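As a starting point, one isolated chain is supplied in structure tokens, in the form predicted on its own.
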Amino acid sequence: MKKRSVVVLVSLLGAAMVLAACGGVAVAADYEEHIVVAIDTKPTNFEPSGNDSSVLNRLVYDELINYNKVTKELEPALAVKWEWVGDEATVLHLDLREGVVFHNGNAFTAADVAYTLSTNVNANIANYYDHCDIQGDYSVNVVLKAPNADFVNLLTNTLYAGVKDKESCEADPDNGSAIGTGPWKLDLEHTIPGDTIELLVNDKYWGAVPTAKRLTLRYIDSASSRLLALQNREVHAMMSVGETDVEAVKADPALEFKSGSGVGPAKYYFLAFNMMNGAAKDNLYLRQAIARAIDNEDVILAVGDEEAEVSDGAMWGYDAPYRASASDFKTDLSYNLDEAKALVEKAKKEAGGALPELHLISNTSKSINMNHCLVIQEACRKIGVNVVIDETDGAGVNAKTKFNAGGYDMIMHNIPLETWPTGVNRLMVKGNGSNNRALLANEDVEKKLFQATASSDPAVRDKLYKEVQVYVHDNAIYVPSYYGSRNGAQLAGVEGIVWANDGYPEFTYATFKK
């Protein structure tokens, strides 16, 4: 058997947690046994591939491979080794961790991996997974329907691949999937669906066992209500501070404001042109003029995200490899009003007269989106382009951005781009438009993206991905503005929480001194 791309990494974060549990947090008796956290996302069920709750899943389930949001490295989890078999990214060999048990005491084996992947309802896994060839209790080949060099990365996400216990799922179709191997186990008896999730520490966890004994996740929809609960010390930490509450949190000595900036993938905010039936789709100079008229520093100031990072021009994941740089782009689209005005004159000649009025849509029920749109509108006014903001909500945006709809010229939107490069495919491959907000249908772009997905050769992938980024940038199809930050708050003295920029903080090792 020919194997390539062997990856065996030491878990730096796991080692740090062991030190914290054994050294930094020397005496468990000095710490609160019960930690309570206010969350802003409501888990809908206890099926890890279908509940859209990464916060919960990271506590209850283990992924096969861990992505360390701090070191930005892949690390062993339930798989201790992984490698592609042969020259195509179609067969992934996994050596599994021995001695791991589920919360109910059942032993973790390759059969559980095969069951988890075969019953996965998330399209990121289901669209590629074919079957498993089990070679032993702790050895398995994962066989894909089509090559995907980033399938390793997909296995790092518990939303896609949190490992379930095959035996319990088959015995109890309703609640069997609530059993994982993670550091925390669900206390279903005391859980109130849609309100409060109760978890107990897994004393038999294969990794570092948390110091706390009980963890409660309280779903509180309103940011102001979450903050009130924190101020009243009803919770130890909260997700997502409201925009108008940030300064109040920072000024309160009993609280600590936390930003995930730089830790994990960030949500990307951008302007996109409708390339199917938008008024600017055939006028490159007009799109480029608007791109050069927008000062992204003004955008960040308007939306009030102090921890945001200005885009470098590449429509690409914050931590993803194969990123194009300014030296790769053939056209300068950096902020310059004089150049933008010159491009407007070229655009008028291209249009054969006056420029059309452009309609900009966004989910303006969110104030940061509305403020972003207002900056775009004002920037366009300065160069003589009239923009009308069509206010709508999320449902309206989704309805208009389907390939059989349209009816807009530009859209201001955001998307979390993962740490693996194939995450960008959904922005640029023709589909129902739920993520391809530019309604882009370019055969050459799609061909290069699919070729890059199928190749396990880094040099080939680098060339193809950069060509796509340069095309999208130079043609001003997607005009990225900034990487947004995510935040939270905690009581002064709380330790061990990883506040991540993907909006999913990790509460596994949260502690608080009595």
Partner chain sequence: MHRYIIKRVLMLIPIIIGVSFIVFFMMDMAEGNALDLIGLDFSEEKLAELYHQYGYDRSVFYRYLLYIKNLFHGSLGTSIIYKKDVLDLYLQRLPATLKLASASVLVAVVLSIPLGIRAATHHGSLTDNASMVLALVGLSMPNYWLGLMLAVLFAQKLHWLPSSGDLNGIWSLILPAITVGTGLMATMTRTTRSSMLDVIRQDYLRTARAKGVPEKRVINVHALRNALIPIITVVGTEMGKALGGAVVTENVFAWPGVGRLIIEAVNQRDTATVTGCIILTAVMISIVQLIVDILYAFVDPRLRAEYSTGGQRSRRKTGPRAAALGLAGKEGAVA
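Positions refer to the first chain, counted from 1. Under this definition, the rigid core comprises the largest set of C-alpha atoms superposing within 1.5 Å between the forms. Predicted model only: the values in this text are computed from it and were never measured.
A second form of this protein, the form predicted in complex with the partner chain, is not displayed here; the remarks below concern that form.
Participant: Might residue 324 be said to contact the partner chain in the predicted bound form, defining contact as any heavy atom within 4.5 Å?
Facilitator: No, residue 324 is distant from the partner.
Participant: Mark residue 396 yes when one of its heavy atoms lies within 4.5 Å of a heavy atom of the partner chain in the predicted bound form, and no otherwise.
Facilitator: Yes, residue 396 is a contact residue.
Participant: Can any non-hydrogen atom of residue 240 be found within 4.5 angstroms of the partner chain in the predicted bound form?
Facilitator: Heavy-atom contact with the partner chain at 4.5 Å: absent for residue 240.
Participant: Is residue 329 one of the residues lying within 4.5 Å of the partner chain in the predicted bound form, judged by heavy atom distances?
Facilitator: Residue 329 lies outside the contact set for the partner chain.
Participant: Please state whether every one of the three residues 69, 336 and 374 places a non-hydrogen atom within 4.5 angstroms of the partner chain in the predicted bound form.
Facilitator: Not a single listed residue reaches the partner chain in the predicted bound form, so no.
Participant: Which one of 225, 277, 386, 104 is close to the partner chain in the predicted bound form, taking close to mean a heavy atom within 4.5 Å?
Facilitator: Selected option: 225.
Participant: So which of 170, 312, 234, 137 reaches within 4.5 angstroms of the partner chain in the predicted bound form, heavy atom to heavy atom?
Facilitator: Filtering the options by heavy-atom distance leaves 234.
Participant: Just to confirm the contact call: exactly one of 107-115, 345-353, 203-211, 386-394 touches the partner chain in the predicted bound form at a 4.5 Å heavy atom cutoff, so which is it?
Facilitator: Careful reading of the contacts points to 386-394.
Participant: Can you tell me which bits of 193-224 touch the partner chain in the predicted bound form, meaning any heavy atom within 4.5 Å?
Facilitator: If the 4.5 Å heavy-atom criterion is applied to the partner chain in the predicted bound form, 193-224 yields 193, 194, 195, 196, 198, 216, 218, 219, 220, 221.
Participant: Kindly check if the Cα atom of residue 199 is displaced 2 angstroms or more between the shown form and the other one relative to the superposed rigid core.
Facilitator: Comparing forms between the shown form and the other one, the residue 199 CA shifts below 2 Å.
Participant: Taking the rigid core as the frame, does residue 94 move its C-alpha by 2 Å or more between the shown form and the other one?
Facilitator: Result for residue 94: no, shift under 2 Å.
Participant: Superposing on the rigid core, is the CA of residue 179 displaced by 2 Å or more between the shown form and the other one?
Facilitator: Stays below the 2 Å threshold, so no.
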